[in-house]
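In structure tokens, one chain follows: the form predicted alone.
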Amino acid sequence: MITAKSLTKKFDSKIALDNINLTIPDGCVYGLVGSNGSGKSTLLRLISGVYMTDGGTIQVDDKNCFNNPVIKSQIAFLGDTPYFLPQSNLKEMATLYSSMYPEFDYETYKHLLTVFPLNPKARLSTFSKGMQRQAALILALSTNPKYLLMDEAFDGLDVVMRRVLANIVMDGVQQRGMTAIIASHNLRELENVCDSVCVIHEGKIISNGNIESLRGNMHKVQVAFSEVPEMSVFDSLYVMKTERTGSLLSLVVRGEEDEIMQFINSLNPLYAECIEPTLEEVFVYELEVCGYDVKNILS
């Protein structure tokens, strides 16, 4: 389990993370979402022990991460820009990784070379961005990590490879109890992979929770009337957002779907439908209610 308490990190006068509290349970796929500079990458580097905290604590399995080789040996961190030794090839990097990670498994390494068809003897500097990302994934996954941290994990991968990576990550979680933390600025990318998602903006956590519970308590309702009633009619509902186009109303309502639709149908509409919002829509609505500039956060 990963636990952050009053976690703060600064770079000169800039506060990258501002007194955040967070718990990430074992055996899940956890998403970190936010715009560039929001603090996602900083949090990953604190978890992996690359950075030292400036305030509060960050612990993995109740142990501090910084300067802790035992904890670091259980963490595979894939940064947004993969690093390889100059003039090295994948085979040489695998030898290096096997010397640093006790759980490095050459059988896994060989299997992943069939999944990501790369030449292990070719210099990595000659690879495309997507191929370098695949090489870094092979190395990280071959360590059989307890914690897999990925910054913009799908960047540079085509649609097929994105799906392959998602399946590999979910298999690791289900079969080995691995915990995967994926940072991205794209909620749609994480929607079908993550169990929980945390939105970070300007170093602060502004939303955090299980995806299904976040979705299940919010509904988009489209309803048409022959004569649109006054909006005060809907005061008994928790209406978060309203849009009107002629006789059609689009409502975003928090609450139980059955109770919401029972009330809507009692108004004798010409048409009424409840639509499940996407994860991105859920967060947009939540942020707008809180007064945040959504375009600045999720762009």
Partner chain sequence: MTLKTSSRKLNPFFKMLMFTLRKNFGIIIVLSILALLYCPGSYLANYGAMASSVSSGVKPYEFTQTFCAVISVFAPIFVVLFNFINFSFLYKKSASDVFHAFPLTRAELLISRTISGIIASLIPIFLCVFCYSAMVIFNPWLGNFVTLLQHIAEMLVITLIWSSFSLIFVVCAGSMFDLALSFCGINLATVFISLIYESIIEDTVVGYISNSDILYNLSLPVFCFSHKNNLEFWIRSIVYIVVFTTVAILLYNKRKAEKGGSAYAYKFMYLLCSVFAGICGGYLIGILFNSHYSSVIFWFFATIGAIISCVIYGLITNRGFKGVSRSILMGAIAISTMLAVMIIGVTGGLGYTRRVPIAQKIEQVTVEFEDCCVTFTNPELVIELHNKTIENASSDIDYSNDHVIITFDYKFKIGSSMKRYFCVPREKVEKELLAIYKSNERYEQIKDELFISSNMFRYAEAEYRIDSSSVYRFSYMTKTDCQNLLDAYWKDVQNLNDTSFFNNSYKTTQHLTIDIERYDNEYNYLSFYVGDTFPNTFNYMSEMGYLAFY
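Positions refer to the first chain, counted from 1. These numbers were taken from a predicted model, which means no experiment stands behind them.
Only in words, not in the display: the form predicted in complex with the partner chain, which the text now covers.
- Query: Just to confirm, Y30 within 4.5 Å of the partner chain in the model of the complex by heavy atoms?
  - Reply: Output for Y30 is no: heavy atoms all beyond 4.5 Å of the partner chain.
- Message: Given that the partner chain is not shown alongside this chain, does V50 nevertheless sit within 4.5 Å of it in the model of the complex, heavy atom to heavy atom?
- Response: Yes, V50 sits close enough to the partner chain in the model of the complex that at least one of its heavy atoms falls within 4.5 Å.
- Item | Proximity of F225 to the partner chain in the model of the complex, heavy atoms at 4.5 Å | F225: no, not in contact with the partner chain in the model of the complex.
- Query: So, in the model of the complex, is E92 in contact with the partner chain at a 4.5 angstroms heavy atom limit?
  - Reply: Because a heavy atom of E92 falls inside 4.5 Å of the partner chain in the model of the complex, the answer is yes.
- Query: Every residue in F11, T81 and S88 with a non-hydrogen atom within 4.5 Å of the partner chain in the model of the complex?
  - Reply: Each of the three qualifies.
- Thinking of the partner chain in the model of the complex, which stretch from 69 to 77, 170 to 178, 112 to 120, 125 to 133 has heavy atoms inside 4.5 Å of it? Of the options given, it is 69 to 77.
- Item | Candidate from D26, E257, D54, D61 lying within 4.5 Å of the partner chain in the model of the complex - any heavy atom | Exactly one listed residue reaches within 4.5 Å, namely D54.
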